[in-house]
Structures are given as structure tokens and as C-alpha cells.
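Given next are two forms of a protein chain, the same chain in both, each as C-alpha cells and marked structure 1 or structure 2.
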Structure 1
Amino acid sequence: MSFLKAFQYKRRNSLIHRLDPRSKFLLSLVLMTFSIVFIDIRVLIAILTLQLFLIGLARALKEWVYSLRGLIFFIIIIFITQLLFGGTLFMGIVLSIRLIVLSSSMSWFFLSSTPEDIGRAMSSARFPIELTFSFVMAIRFIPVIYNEFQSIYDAQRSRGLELEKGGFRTKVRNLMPILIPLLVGTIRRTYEIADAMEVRAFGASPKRTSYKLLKFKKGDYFLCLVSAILASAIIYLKIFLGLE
């Protein structure tokens, strides 16, 4: 569950936090496109360096590094797959970097954008209010689920449940006393939220207002310019230089 740390908003007074979520999301999409289109290690390292710079500006390097623990299992799978099916160690390293770049493309966005601002950005883009609300609530549930998982995990260990011992099947079986209470608690919260929405007549009026309106600033226009330059670089590297 540690990978959820990469999607948990941290309130800080940084340059990245003050930017409009729409400009940050645009750059995140461009960075994600790089990780999908290219497999060249030079391009991936360059994009990863840019992502680390953005995460550093957001002062969220600690959370980003902690979230990488959740990718260790998938990185191991990548190396095993490469070794079993005729791949090379170098290709395993490249694919692992590609996975990190892909996961980091959106993590800096979620680490520096409040769920409320993300909801306002989706509303300004004319997304249906039901979809916007569902997405914002899903983001809000991430830290709640993570904290509850950690609490249940610690409680079961204090009762003598050995989660680290045994083979793969044993470890999966030992997770049941954690996952079942977590699932029950999540469903209970869902019903409570549904009742609260019904009491407040959610969706009764098609016209909705917001006390805070999003507005582009100089930094947002600069970020859009960087996104446009990087998008042009994708076309140039892929079509004219033929990089894979």
C-alpha cells in the first residue's frame, strides 16, 4: 500500500503548489506520453530528471521515494520476465526506469494539487458533476484507506499475526484478516457518504457555484509553453529521428 503515498496531497507553500491544476495536468499528460512512446534510456532518464526537479520544487521527494517501495514487486516481475523469455539485464533496467517514469508522471500532480482544485478543474472542463464528484471522492479516500490499512495491520500484528513468515500462499492467506475489515469499513463509509449526499440534496440543481475560481497566472502560461515544447519534441524525436 505504500505506492498510495504518491497520490496523497501534502499541503505545502511551494511554487508547484501555487500553480493551476489544469496546467500541471497538461504537463503530466505530456510526461506520461514520453514514457509510453519511448523506450530509449536517454529519453527516459531525461524525463525522470525533469520529474525529480518538479517533485523537488514541490518539496515532496520524501513521499515520492517512499512510494517507490510499492513498485519493487513489479520491478522484480520485469526482471524475472526478461530473464525467462530471452531478454537482457539492460532491457530489464530500461523497463524498470520506464515504469518509474510512468508512475511519477502523475504523482507530482497529485502531491501538489488539492482534491478540491482538481474538482474545480474538471468542472471548468465541463465534466459531469457526478463524474467529478466520484473522482474527487476517490482521491480523498486514498489517504483514508491507507491509514486504515496501516491501523488494521498494526492491530493484527499486535495480536500475534505473523504476516512476514511463510511462502507466497501463506502470506496471501494472512492478509485476509486485514483486507476483510478494510473492505467492510470502506463499504460502511460509502453508505454514510451516500446518506449525507441525499440529506444535502446532491444533484437537485443543475447549476453549481464555487467560492473559488481557477485563474491562470504567469507560471501557468510558462508551464503550458513547456508542455507545448515537450510535445513538439515527442513528434520530432519519434518521426524525424526515429527514436524508439
Structure 2
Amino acid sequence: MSFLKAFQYKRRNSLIHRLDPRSKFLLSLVLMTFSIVFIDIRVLIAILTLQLFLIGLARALKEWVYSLRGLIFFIIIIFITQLLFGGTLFMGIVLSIRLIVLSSSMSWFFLSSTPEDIGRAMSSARFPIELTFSFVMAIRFIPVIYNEFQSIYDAQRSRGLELEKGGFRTKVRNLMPILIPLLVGTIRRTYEIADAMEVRAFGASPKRTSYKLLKFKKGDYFLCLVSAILASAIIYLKIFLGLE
């Protein structure tokens, strides 16, 4: 369950964090398009370098490396299929980099935007309020539920439960004493949260105002400009130079 830690949002205040999530999202999309459109290793490496620079600016390199761990499994699959279906080792490397660029475009955005900013961006894009709040609250309660998991795990270990022991079936059965209290507790929590939201008039008015509004600043216009230039680069490289 320690992977949940990757979601534990830490408040940072970098140049990138202060930008409007909408402009960051735009750039993310453009960078992602590169990894989808191109398979040319030079382009991919250039974009990866740019991404590393952006992640560095957001002071989130450590978390980025952590997020790469989740990709190892897919990279292994890439290499196996390449070898099985007559691809080359080089092609395996290129595809892996492509995957890293694709995932980094997203992780850069999520690592440098606060959940509430993303929530605000969602509501300014007219997402339904229920959806926006589900998103913000899911992230808010992940560490809380993680702590609860830890307490439950400790309580059951203190009663002699050993997860490491036994074969696959025993292991699955041994998970029950942890999963059941966690599930019961989470359901109870959901009810309590729902009550607390309701008594603060959640859903009272379909209009709902937002007290802090997102505002485009100079940096955001700059980011949009960069996105526009990169987008034209995609067109130029693909159509005029015919890069793969």
C-alpha cells in the first residue's frame, strides 16, 4: 500500500506552482502530442530534456523518479514484445522513452498543480461540481485512509497476523482482517463526510460561487506562447520535414 504515498500531496511554492493550471494543462497536452505523433529519437529526447527542465523548475524531480517506478512493468513488456515479434533492442529503447515522455507530460502537470487549483480549473471548465469535489476530496482523504490502513495493519499484526506467511490462497485470506475493517471504516467515513457537506448547504444553489478565481498572469501567457510555438513545431516537423 506504500504506493499511496506517491499521492501525498506536499505543498510547494515554485515558479511553476504559481502558474494557472489551465496554461500548464495546455502545455502538457502539447508535450503529450509530441510523444504520440513522433517516434524519432531526436525529437523524443529533446522533449524529454524540456520536461526534465520543467520538472526541475517545479522542484519535483524526486517525485518524478518515484513515479517512473510504476512504468518499469510496462517497459519490460515493451522489450519482451519487441524481442518476441522480431523488433530490435533499439526500437525497445525508443518505445520506452516515448512512454516516459507520455507519462511525464501528465506527471509534470499533477506534480506542479495543487489539487484545489485543478478543482478550480475543472469548475471553470464547467465540469459538474460533484465531479470536481469528488476529485479534490479523493486526494484530500488518501493520506487519511492510508493512516487508517496503517493502524488496522498494526492492530492485526499485534494479534499475530503474518501477511508474509503461506501460499497465495493463505495470503489472500490473510488480507481479509485488514480489508474488512478498512472498508467498514471508509463507508462510515463517507457517511460522516456527506453529513458534514450537507449541513454546509452543499448542493443548495445550482449556481455556486467561487471565492478564489483563477487568473491568467504574465507567466501563463508566456506558457501559452510556448505551447503555440511547440504546436507549430509539431506541424512543421511532421508535415514539412516529414519526420516520423
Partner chain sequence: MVEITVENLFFKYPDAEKYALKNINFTIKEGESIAILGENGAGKTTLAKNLNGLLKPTKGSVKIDGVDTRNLSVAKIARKIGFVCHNPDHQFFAETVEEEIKFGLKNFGFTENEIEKSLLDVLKTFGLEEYRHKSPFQLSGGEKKRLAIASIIVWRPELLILDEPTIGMDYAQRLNIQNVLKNLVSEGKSIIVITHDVDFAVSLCRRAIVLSGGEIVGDGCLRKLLSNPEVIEKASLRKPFLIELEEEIGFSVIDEDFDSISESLIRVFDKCHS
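Here, rigid core means the biggest group of C-alpha atoms that superpose within 1.5 Å across both forms. Treat the numbers as computed from the prediction; the structure is a model and nothing was measured. Residue numbering: sequential along structure 1, first residue numbered 1.
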(request) Specify the structure that is the form predicted alone; exactly one of the two qualifies. (result) 1
(message) Superposed on the rigid core, does the Cα of residue 149 end up 2 angstroms or more away between structure 1 and structure 2?
(response) yes
(message) Rigid core aligned, does the Cα position of residue 219 differ by 2 Å or more between structure 1 and structure 2?
(response) no
(message) Please state whether residue 33 has a C-alpha shift of 2 Å or more between structure 1 and structure 2, with the rigid core used for the fit.
(response) no
(request) Please state the CA displacement of residue 127 between structure 1 and structure 2 in angstrom, with both forms fitted on the core. (result) 2.8
